[in-house]
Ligand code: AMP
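Just one chain follows, in the form predicted alone, and it is written as structure tokens.
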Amino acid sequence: MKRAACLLMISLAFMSGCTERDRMYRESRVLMDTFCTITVAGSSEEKARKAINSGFAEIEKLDGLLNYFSEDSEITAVNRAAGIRPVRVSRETLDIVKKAVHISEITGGAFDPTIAPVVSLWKFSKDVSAPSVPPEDAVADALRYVDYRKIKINTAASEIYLAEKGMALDLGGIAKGYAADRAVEAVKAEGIKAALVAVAGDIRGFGLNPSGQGWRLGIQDPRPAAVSERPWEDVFATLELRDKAISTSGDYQRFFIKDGRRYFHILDPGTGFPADTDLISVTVIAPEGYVTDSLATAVFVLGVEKGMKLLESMGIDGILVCAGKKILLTENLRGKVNILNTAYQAVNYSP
């Protein structure tokens, strides 16, 4: 349901602003089936490395608990027991599932972590010989098991129960943002005053970089003029992140073209097919990563009108890009986004 994200940290320009007492330390590892990068600002390499290790340890822990593809994860245990019995889980798994259900509720099901049976039918590949569009009857059958309201949570017993056999949870649309949140807390606990955690493109930062500014981020161009071997470096806009999280969903990360139609991995839980939307990219900025991660998907599914209404009602910032390269900004972001590519034009949104 969720994409490998599409944000680029632009930090080389800040290195020259670092002093001997205040420098940036960065490390990347492969966790949660993606690249994770933790950058911290500090005066001591030993302290910075300890904080980085703490952040990665938190991400690794969550990977073990939440991995849909692991036979040993708690999510797999919950899925295996669907329609049979509740499963006792860790406080982390309980917490993220509760958050996922809450996001499902406020988005009217545009985000739904029980979409796993439908996701399993799709294979998004640019290889024309690979399986692509599943039969409509198979999608319709899988949709019978998609309903976040059938997730039963017993907080007192720390148990999760999927009420119908055949249901399954896939937290791919919220787990990376949640992991960034938890990693940030782990880094803060080590006394670090400024850091940036990126789990793929679900990013959360706090404090100021060593030059005394917010973290500068670029948003990937969803329709670049030419194919690049490093598309994540092709950005159409930049902005500054201060004590916030940011995530992007788009129709360009995992997709294939068949019979002239683009099929992409952001599925509408109501239809089981790629979202029929007027958007090609959605970026959400909010205080917490689990919110940006899940809402970026939900807003994409909802489309411009409903998506903008949802963001504005929640007081959450968003950058919505339409197929004609028109950019819509929530009110608080106007004047704060630097558009680099003149093919894109910011327009006023009027419901």
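Just count from 1 along the sequence shown to find any residue number. From a predicted model like this one, the values you see are computed outputs, not experimental measurements.
Another form exists, predicted in complex with the ligand; not displayed. Remarks below refer to it.
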Could you tell me if all three of 41, 181 and 192 have a heavy atom no more than 4.5 Å from the ligand in the model of the complex? no
The ligand: the contacting residue among 186, 267, 280, 241 in the model of the complex [heavy atom, 4.5 Å]: 267
Which pick from 142, 119, 217, 97 sits with a heavy atom within 4.5 Å of the ligand in the model of the complex? 119
With a 4.5 Å heavy atom cut-off to the ligand in the model of the complex, the contacting stretch among 103-111, 152-160, 75-83, 88-96 is 103-111
Tell me, yes or no, whether residue 221 is in contact with the ligand in the model of the complex, where a contact means a heavy atom of each within 4.5 Å. no
My question is simply whether residue 172 lines the interface with the ligand in the model of the complex - judged by any non-hydrogen atom within 4.5 Å. yes
Does the ligand get within 4.5 angstroms of any non-hydrogen atom of residue 301 in the model of the complex? yes
I'd like to know if residue 115 sits close to the ligand in the model of the complex, meaning any non-hydrogen atom pair within 4.5 angstroms. yes
Residues from 272-302 in contact with the ligand (non-hydrogen atom within 4.5 Å) in the model of the complex: 293, 297, 301
